[in-house]
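Next comes just one chain, in C-alpha cells: the form predicted alone.
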Amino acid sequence: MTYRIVHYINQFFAGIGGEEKAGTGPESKDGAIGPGMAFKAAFGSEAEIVGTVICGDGYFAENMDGASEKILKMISDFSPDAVIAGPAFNAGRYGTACGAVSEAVSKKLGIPVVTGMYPENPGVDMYRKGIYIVETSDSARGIKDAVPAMAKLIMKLLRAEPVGSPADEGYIERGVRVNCFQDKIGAERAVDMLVKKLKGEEFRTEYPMPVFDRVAPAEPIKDMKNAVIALVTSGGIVPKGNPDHIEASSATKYGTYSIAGVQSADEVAYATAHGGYDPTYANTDPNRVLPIDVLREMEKNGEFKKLYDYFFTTVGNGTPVANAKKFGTEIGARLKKDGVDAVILTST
C-alpha cells in the first residue's frame, strides 16, 4: 500500500515569493513542491505526496479561522491518509500556521499529522500539547535533518506503530506522562546519574528543568530631574497606515519613529498594528498604550529633563524569543549611545 500524504507550506517554500507575497491566499496544487521533493525522496515507495496546500504567512495570521477552514477543505479534497506541515524552523507566523493547520487536521479529519519547528518558535508553546512537532534547527539550513525525522515519525503513525519518547523519536515534549517499567528503582537511577555527573560523563535526566534568563535590574536613577526618558512598546502603536508593515503577530521587525514636538499620540496620527487584543480602546486613544501625553506633562513640570525624540515599537503577539532578544539588544544599544537614562516599556 502506498500512503497518500498532503503537504502544507507557505508562500516562500512554494517559490511564490518572500514577505511581499505573504498576503497570498490558500491554494492547492497536485504533487510535491519545494521541500516536498525532499519528503518524496525520504518516503520512497511507501508514501506519495499527492498534493500541496499553500498559504501566505501574512494571510493566515490575519484570517486564521477563515484560512484554516479553506485549507482544511483543500486538504480533504485530496483524500489523504496523513498530512505533513512545514517544517517552519524559527519562522513565527509560519510556525503558528503549521501548528493551527496540524491541530485542525488532527481534530477534524482524524488522520496522522506531523510538523517541525525550532523549540523557540511561538507555534511550539501554542500547539505542542495536541500534535507532534519534530525539533528542527532555527533555519532552513537544517532541512536535511528535519525531513528524515518528520518522515520517519509520520510513517510510524501511519503504520500505527508505538511512538517512543521525545528523546528517542526527536519530537518536542508534549507534556504527556506515560507509565513505564525500569530495571532499577528511582533512587538507584538518581545515584547513577549523580555518579556520572561527578565523573564528567554523559547522562540524561528523566525530568529536565526549565531554563529561565536571569537579567540583573539596573541601578535606579539617582537624578531624575536631569534624566532622559525613552518610550518603547510591544503594544504595536505605529503611525497611521503602519508604514513599516510590522506584522500583527510573530513580528520580524520593529519600528523607530520620531516624536519630536509631538504632544499626544492622538487617533488621527496613530493606531495599533497588534493582532492579539481588541484594538478599539488603543485606536480611540493611542496614549493608553504609548503615553506621550502624560510624559509631556511630566517633562513640562520638570519631573525629568527630556523625553527622547524617538519611540520604538513592535508586536509581542507570538513573537519568537530570539526575535525579541534581537530587537531589545539593538534598541538598547541605540538608546545607550544616545545618552538615554531610562526606558518606560509598555505592553497591552
Partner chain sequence: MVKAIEATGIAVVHICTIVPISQTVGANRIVPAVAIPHPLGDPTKSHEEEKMIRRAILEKALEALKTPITEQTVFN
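Residue numbers count along the first chain shown, from 1. Between two forms, the rigid core is defined as the largest C-alpha subset superposing within 1.5 Å. This one's a predicted model, so the numbers in the text were calculated from it and none came from an experiment.
We do not show the form predicted in complex with the partner chain, though everything after this point is about it.
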- Item | Output flag, Thr314, Thr329 and Gly332 jointly within 4.5 Å of the partner chain in the predicted bound form, heavy atom basis | yes
- Query: Is Glu202 close to the partner chain in the predicted bound form, meaning a heavy atom pair under 4.5 Å apart or at it?
  - Reply: no
- Query: Tyr308: heavy atom within 4.5 Å of the partner chain in the predicted bound form?
  - Reply: no
- Message: With a cut-off of 4.5 Å between heavy atoms, is Met298 one of the residues that contacts the partner chain in the predicted bound form?
- Response: yes
- Query: Do Val50 and the partner chain share at least one heavy atom pair within 4.5 Å in the predicted bound form?
  - Reply: no
- Item | Answer range among 140 to 148, 69 to 77, 242 to 250, 225 to 233 for contact with the partner chain, defined in the predicted bound form as heavy atoms within 4.5 Å | 225 to 233
- Item | Candidate from Pro291, Gly34, Gly58, Gly318 lying within 4.5 Å of the partner chain in the predicted bound form - any heavy atom | Pro291
- Query: Which one, Glu161, Asp213, Glu206, Glu188, lies within 4.5 Å of the partner chain in the predicted bound form by heavy atoms?
  - Reply: Asp213
- Note on the structure: Within 331 to 348, the residues having any heavy atom within 4.5 Å of the partner chain in the predicted bound form are Ile331, Gly332, Ala333, Leu335, Lys336, Val340, Asp341, Ala342, Val343, Ile344, Leu345, Thr346, Ser347, Thr348
- Query: Under a superposition restricted to the rigid core, does Ala265 display a Cα displacement of 2 angstroms or more between this form and the one not shown?
  - Reply: yes
- Message: Following rigid core alignment, is the displacement of the Ser76 C-alpha between this form and the one not shown equal to or greater than 2 angstroms?
- Response: no
- Task: Return yes or no for Arg334: a CA shift of at least 2 Å between this form and the one not shown, with the rigid core superposed?
- Result: yes
- Task: Tell me whether Ala322 and Tyr127 end up closer or farther apart in the predicted bound form, going by their C-alpha atoms; the shift is 3 Å or more.
- Result: closer
- Indicate closer or farther: the Cα atoms of Ala322 and Arg174, in the predicted bound form, relative to the displayed form, with a change of 3 Å or more. closer
